[in-house]
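Given next, in structure tokens, is a single chain: the form predicted alone.
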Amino acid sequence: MDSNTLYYSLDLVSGSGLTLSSEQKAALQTSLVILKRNNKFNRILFWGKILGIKGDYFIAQGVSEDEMTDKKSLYSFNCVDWHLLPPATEAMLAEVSAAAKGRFVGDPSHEYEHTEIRRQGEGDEAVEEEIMIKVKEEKRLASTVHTIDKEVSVVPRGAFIKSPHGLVQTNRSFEGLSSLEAGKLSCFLHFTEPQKLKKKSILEMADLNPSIDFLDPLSEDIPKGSWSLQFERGSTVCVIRSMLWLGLTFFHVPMTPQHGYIYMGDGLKNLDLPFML
């Protein structure tokens, strides 16, 4: 959610129990402005909070020219001092998935250890070796933020446009979805590189507008039922909650450009989802 409308946005998602203390809100209001200026970001977003055993991580994201790819994530413990997270790579994601288990500790220097047995050589000369994999929690934090963004970040249809050069930017003419459109999951899109769009036939692509329909809609997610869409505050706010990453809440005020999402949870994926449906 945009730092410029932080108080208003947090108020809209407070029905889910996602809230911050007055001290944390005041600290974020000032520190995010300084962070934006010092790093020369076009926009600064408050991403959310990941709960740890010893301490909680507050996450912010700075956006540069391209809204989808030019993002940098930062974390803080006190909402004042911010530290840059390393960019998530395929190798880092593989290491984290193998080694990191259980809840976050709340210490970026904490190391998760995992032992792997690998066979080297062939036939009778094959030797089994034990390899110790160590992963710092800072890497796990970067991987978790990247994965949540990739799997469950949400935007309304039309809120962003793609230029002919492939640059994704905020659509300044976006005035919000109608109340009827806001009740359909097909009008909300994953804000990440599309996976299913490339597999669509020419006939299916004929009805799409390439400048705004360049993302995958939530209605095509598998399994069905991994999203909960509700209207709150007398049907004036559309709220979507993810069942896959419990704690992620998206809001949109119909007929206005106001929208955003926030994650407040333990950073663990809900692997029981298929048995809950």
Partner chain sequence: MESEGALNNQRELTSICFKAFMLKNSTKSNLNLYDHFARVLTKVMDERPENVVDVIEDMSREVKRGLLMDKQSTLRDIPLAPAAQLLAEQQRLLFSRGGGDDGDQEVETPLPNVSEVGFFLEQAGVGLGREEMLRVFLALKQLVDSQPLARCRLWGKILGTEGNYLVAEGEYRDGEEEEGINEETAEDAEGEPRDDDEEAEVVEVIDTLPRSTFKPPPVVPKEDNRTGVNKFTYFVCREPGLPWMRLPTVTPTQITAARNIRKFFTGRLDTPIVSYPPFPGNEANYLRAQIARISAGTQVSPLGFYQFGEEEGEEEEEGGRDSFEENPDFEGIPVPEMAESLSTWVHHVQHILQQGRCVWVNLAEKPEDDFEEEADEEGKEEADEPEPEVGPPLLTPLSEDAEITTTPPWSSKMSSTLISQFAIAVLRSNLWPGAYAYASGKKFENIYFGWGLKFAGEVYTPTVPSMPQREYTSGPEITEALDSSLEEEQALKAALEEQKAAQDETAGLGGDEEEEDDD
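Note that the structure is predicted; figures quoted are calculated from it, not measured. Numbering follows the first chain given and starts at 1.
Below, we turn to the form predicted in complex with the partner chain, even though it does not appear here.
- For residue 130, no non-hydrogen atom is located within 4.5 Å of the partner chain in the predicted bound form, even though that partner is not displayed.
- Although the partner is absent from this view, residue 172 contacts the partner chain in the predicted bound form, with a non-hydrogen atom inside 4.5 angstroms.
- Heavy atoms of residue 223 never reach within 4.5 Å of the partner chain in the predicted bound form, leaving it off the interface.
- Contact check for residue 19: a heavy atom falls within 4.5 Å of the partner chain in the predicted bound form.
- Taking 230, 219, 39, 29 one by one, only a single residue has any non-hydrogen atom within 4.5 Å of the partner chain in the predicted bound form, and it is 230.
- Heavy atoms of every residue among 11, 23 and 103 are located within 4.5 Å of the partner chain in the predicted bound form.
- Remark: of stretches 147 to 155, 88 to 96, 134 to 142, 172 to 180, the one touching the partner chain in the predicted bound form is 172 to 180 (heavy atom within 4.5 Å).
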